[in-house]
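Taking the form predicted on its own, here's one chain by itself in structure tokens.
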């Protein structure tokens, strides 16, 4: 990322802060409706220093990462077999679509009642939310593999495991990483939904608790902390993508450079 882009990002951030303060000034909002940015920053520093923010952050982060990893495995494994077999696709598709169309927010109270108010219920909610995007992109990725490559591997008498490792997996990785990026942001939302329904820890719980006390700065702190978690996890997936499939990232950069001319 060059200096020009970083400068523009900083400029946009400063413009956002200026707009925020302008809205407060023009409409004369009280602190409990819309606090000043510096008030929220001071509250953030105070909560961070006390350890309260870190404690709730680690709970939500744990739920997000564990649920995401489980959702990825639950999506990739059946997704591969569905992509490779029309019969399995026809059998499972109605049930998979039904599972996706069932609103996860409506299922969340049941999951909390069944698995308790601890971290387990939140992990299950996250895994369910992440599952379908990973499943669909796995199917799309496997089915988009060049048929000529598959025919070549068959001519060379490669085993199914070799075809998967040498052709199908590398070819589907760009699509899978796109799903991972979507899934990790949905995972944060899933963790918060679970904490809203029933929890005594986590940033979602902190948001509900602070809103009940009309502590608006603390609500904003929790929201911004969730945003930071989402951004950092997204950047982590993006970094892993760059290291795992550098050839794809280089191809994207070449396309961008070509489009400028």
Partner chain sequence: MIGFIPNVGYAPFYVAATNGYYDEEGLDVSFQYAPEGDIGVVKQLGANTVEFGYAGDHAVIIGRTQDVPILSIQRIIQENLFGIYSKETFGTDEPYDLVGKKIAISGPGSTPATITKIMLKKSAINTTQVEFLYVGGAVISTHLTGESDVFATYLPMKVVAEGIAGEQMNEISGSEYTTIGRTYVITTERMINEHPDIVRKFVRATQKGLEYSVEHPEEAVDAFIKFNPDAIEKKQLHLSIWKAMVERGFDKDTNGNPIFYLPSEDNWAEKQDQMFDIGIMDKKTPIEEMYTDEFISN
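Because the structure is a prediction, the values reported are computed rather than measured. Numbering follows the first chain given and starts at 1.
Not pictured, yet referred to below: the form predicted together with its partner chain.
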Touches its partner chain in the predicted bound form: residue 209 (any heavy atom, 4.5 Å): yes
Should residue 205 be counted as a contact of its partner chain in the predicted bound form, where contact means heavy atoms within 4.5 Å? yes
Given that the partner is absent here, does residue 215 sit within 4.5 Å of its partner chain in the predicted bound form, heavy atoms only? yes
Would you please decide whether residue 73 lies within 4.5 angstroms of its partner chain in the predicted bound form, comparing each non-hydrogen atom pair? no
On the criterion of a non-hydrogen atom at 4.5 angstroms or closer, are 100, 171 and 248 all touching its partner chain in the predicted bound form? no
Looking at 113, 107, 92, 145 here, can you tell me which has any non-hydrogen atom within 4.5 angstroms of its partner chain in the predicted bound form? 113
Only one of 229, 53, 197, 40 gets a heavy atom within 4.5 Å of its partner chain in the predicted bound form. Which one? 197
Sort through 115 to 123, 176 to 184, 161 to 169, 134 to 142 and report the only stretch with a non-hydrogen atom within 4.5 Å of its partner chain in the predicted bound form. 115 to 123
Since the partner is left out here, which residues of 27 to 50 would have a heavy atom within 4.5 Å of its partner chain in the predicted bound form? 32, 33
